[in-house]
Structure formats: structure tokens, C-alpha cells
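The data below hold one chain only, encoded as C-alpha cells and taken in the form predicted alone.
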Amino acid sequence: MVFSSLIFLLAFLPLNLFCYFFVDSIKARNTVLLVFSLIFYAWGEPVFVLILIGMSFFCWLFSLYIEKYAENKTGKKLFMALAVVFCLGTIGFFKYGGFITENLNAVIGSDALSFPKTTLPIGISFYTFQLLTYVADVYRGEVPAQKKYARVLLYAGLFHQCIAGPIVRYGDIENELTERSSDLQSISAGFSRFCAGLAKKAVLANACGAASDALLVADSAVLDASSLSVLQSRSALTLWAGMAFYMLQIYLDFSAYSDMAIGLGLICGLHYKENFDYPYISSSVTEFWRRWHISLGTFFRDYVYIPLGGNRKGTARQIFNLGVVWALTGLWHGASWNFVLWGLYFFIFLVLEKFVFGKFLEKTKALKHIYLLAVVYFGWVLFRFTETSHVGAVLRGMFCLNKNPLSTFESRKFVFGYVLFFIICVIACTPVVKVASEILNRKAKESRLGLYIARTVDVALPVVLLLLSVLSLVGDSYNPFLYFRF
């Protein structure tokens, strides 16, 4: 089940909210959230919900022993190590077992090794990292071990963010798991945020995805010789436009899910941190990664980069630590070499900015934003195509090196027909709407007319966005969330 499905919008969510607000106590409301969260997850993967339940149980148990042996360094480290091995072993089996076996076979030059075909459990990367942050924070003494297993399971499995983030740290919502309230203002803000995210996904991201697939290849997950031939024959304009739509899609899609998760949390009195801060307005790769998928970036910073030594042990060690972080960032996104290359690609630019031309960028205000967009744009080519041959075909084709045309009548007609929509999507990637809302709120304090307009917009806009989203979803078979596969 996904947020942008009619069954979720018209059945699951209304029933969930009715049951949630029908009961009064936090204990009962937590039970409602837990039951609905397990149903939500099991809807698409009834067997793999047991993995979520099992991982939550063992992390709950390990955290209790870590706290029990708080004064015994050996025992404390042992249970922390067991938690890491268990969590990473589980995700490694499902996500990387086949990848490792395939590469070992390539090294030894035979098919001697085999690995059973497994389906990747939805959202395993997200809830595994959440559980690891919980156990690590107990180990560091930053949060107390939760005595009740059901609360740890609720924390890891909350349907708001379990599937595709943001990665929520236990300390951020620890108190709210036992004491929270939902007033009319927070419910209204949550509903508005959810509707905005839903429209961003259903109206904008889905259309961007459909345009990108039409211009490139229909399914980026299934790439074979025929799709390679198709890419090689595409005009340069087609390839440039297809990747531009993908660049918009991946931001609108992923940030939309975070918007909806944050909105659902607000409705229930849970406050999740922001996960995106308009990354495409950045002026450097460093700034971009402070704004993009913030919860993942801070995870690697706090639980990998800093423990490795961060920037405290000299330049060479700092570069090594950054390399480890970005190789792991790439692998986190998928068991494929293109993701590793994608991570190392950004690692190279981060190092260059820090030690080579960072100061020069600061002096070139007109060029640094163009530089950032170009780096990110070509990075998404690595991200989208799992086969290096397809990456090469796209990059060569962009400069007509496949003996492909610069443009065709069909490509010009398609692209020009999407110009207005493309501009709307670009605006949605910037703080224009946010700034307009702030101006409207200021006007509301200055005059009665401004107050009337602001209140009308606050009430009407979410309803309009919800209706537009539902209409967009009716009969629309293109409705994936890109980050579900991570």
C-alpha cells in the first residue's frame, strides 16, 4: 500500500484516523497506530512483516542488555556488536547477498557459488537504520532503553515513515510515544502538509516519471540489449529532456513522501524532522547534501563519519573517511555498481570543493549554481541506469556521439508540449510557494482583507489539492515511489 493510492486515501487513512481519535488514552492510540502500521506493511508483504517484527524485537532486547551492562565495557560492546551484526547481516542477506555472490563468481571466473533468489523487503533500509540509531543511542547513553517492546516496534514500524523515511531517531519522538496531544492547529497543519505532498506526488512527480520513461526507456529496472538500442537511437534533445524530467521526478517523488509522512505525524501529535530543504537551489555539492535526504546524511555523519575520526585526524584520514561514507551511501541505495559509482562521484566533487576549488566557487556567484545543477544532473544519469553500458549510451547520446540526431520532429513536439508543466515542476522545487505563503500570512496580520484571503486559502487549498490528486490517481496505473526499492 502506498500513500498515493485510492485504497489508502479513501479507506485505510479515514478508518485509521477514526479509530485513533475515537479512543482517548495514549496507550490505546499507540495500539491503534501499531495495528494499522502492521496491516499497512503486511498489505504488500505479509511474510516480510515478520522481519520488521523480529528485528525490532532483537534490537529491543540488545538495548536492554546494553543498558544493563552500562558499567561493564566488555558486555556493553558485545551487545552493541551483536546488534550491528544482526541488523547489517539481515539487510546484507536480502539486499546484498546476490550482488556479492555475483561479483565473487566474476572474480573466480565460474558459477561455483550460488545464492537463493530473494525479494527485497520494502523499506528495510529505512527501518534497519532507525533501529541501529536507537541501539547506538542507548549505547552512547543518549536515550534510555525502552522497557516495552511494543513501543520499539511502533517506533520502527510507524506506517507514516517506515517504508521510505524520513529516518526518525528514537530520541526525537521518545517523549511523544508516551505523551502527546493533537490540537486543531496541528491537525490542520498536518492535513495541509499531507495534501501538499500528495499533490506533489500524484499530480507532478507521476507525470514527470511518465514523461521521463517515454523519453528514455519505459522501465529503468529492466535494462537489456533492446533498451540499450533504444537509448542509442534517441535524439540528444530526447535524452537531455528525459533526464531533466527524471531529475524533477526523483525530488518531487521522494520529498512528497516525506511531506506526507510529516503531515501524518502532525495529525497524530508526532513531530518528524524535515528531510528536504529545497536542495536544487544549492550553490555547491556540499550544500546540496545538507539539503537532500537530511536524515540519511546526518545518519552517516553521526554514526559513521564522526566515529571513524571525522576531520580530527588529518587531511588524508578525512578524505578516507569521506570515501567510506560515500561508498556506503551509494550501496545503501542499491546493490549495484552504478550506485557505488554514484556515491564515489559525489565524493570526488565534495573533496574537490573542500580542498581545491571551494574558495573559487564562493567568488563566482553567477556560475556556482549552474555548476551544482550540472553536477547533480549528470549524477542522476549514474543513479537511474544500473548498467554502465546504458549510462555510457545516454552520456554519449547527449552529445550526438551515438550517431544519433540532435533532435527530431517528434522529440521537439513532445518537449515543447511539456514546457508549461516543466516550469510548474521547477517552481515546485523552489521555495516560491513557501515565500508566497509567508507574505500572505504577514498581510493577514496587517489588514482584515488579508486575514480573510489567508483563511480562505488555508481552508480551500488543501481540499483543492486533495481533489486534484484523487482525480489524477483515478485510472492512473503509473504510481511508483522511487525510494521503495531502497
Partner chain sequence: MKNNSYLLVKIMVAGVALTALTFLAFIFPLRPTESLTEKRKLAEFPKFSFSSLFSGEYFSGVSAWFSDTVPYRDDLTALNAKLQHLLGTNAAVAGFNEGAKGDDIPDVPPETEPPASLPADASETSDALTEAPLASETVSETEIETEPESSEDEEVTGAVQKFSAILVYGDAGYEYYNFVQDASERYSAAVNRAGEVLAGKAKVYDMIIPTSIDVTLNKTVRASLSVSDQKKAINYMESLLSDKITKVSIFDTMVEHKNEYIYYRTDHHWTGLGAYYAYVKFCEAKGVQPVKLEDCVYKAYDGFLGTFYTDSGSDPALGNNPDVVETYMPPVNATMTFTDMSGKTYSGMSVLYDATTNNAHFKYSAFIWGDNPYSVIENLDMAEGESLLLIKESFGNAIAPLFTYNYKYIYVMDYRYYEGTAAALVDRYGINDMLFCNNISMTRAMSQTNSLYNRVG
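Positions refer to the first chain, counted from 1. Source: prediction; values computed, not measured.
Beyond the structure shown, there is the form predicted together with its partner chain, which is absent from this document and is the topic of what follows.
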So which of 432, 28, 70, 424 gets a non-hydrogen atom within 4.5 Å of its partner chain in the model of the complex? 424
If the cut-off is 4.5 angstroms on heavy atoms, which of these, 436, 35, 420, 449, is the one near its partner chain in the model of the complex? 420
Do heavy atoms from each of 81, 100 and 396 fall within 4.5 Å of its partner chain in the model of the complex? no
Only one of 249 to 257, 276 to 284, 231 to 239, 131 to 139 sits within 4.5 Å of its partner chain in the model of the complex by heavy atom distance, namely 231 to 239
Given that the partner is absent here, does residue 43 sit within 4.5 Å of its partner chain in the model of the complex, heavy atoms only? yes
Would residue 184 count as a contact of its partner chain in the model of the complex, using a 4.5 angstroms cut-off between non-hydrogen atoms? yes
Given that the partner is absent here, does residue 455 sit within 4.5 Å of its partner chain in the model of the complex, heavy atoms only? yes
Can you work out whether residue 338 and its partner chain are in contact in the model of the complex, taking contact to mean some heavy atom pair no more than 4.5 Å apart? no
Only counting heavy atoms and a 4.5 Å limit, does any residue of 391 to 420 reach its partner chain in the model of the complex, and if so which ones? 408, 409, 410, 411, 413, 414, 417, 418, 420
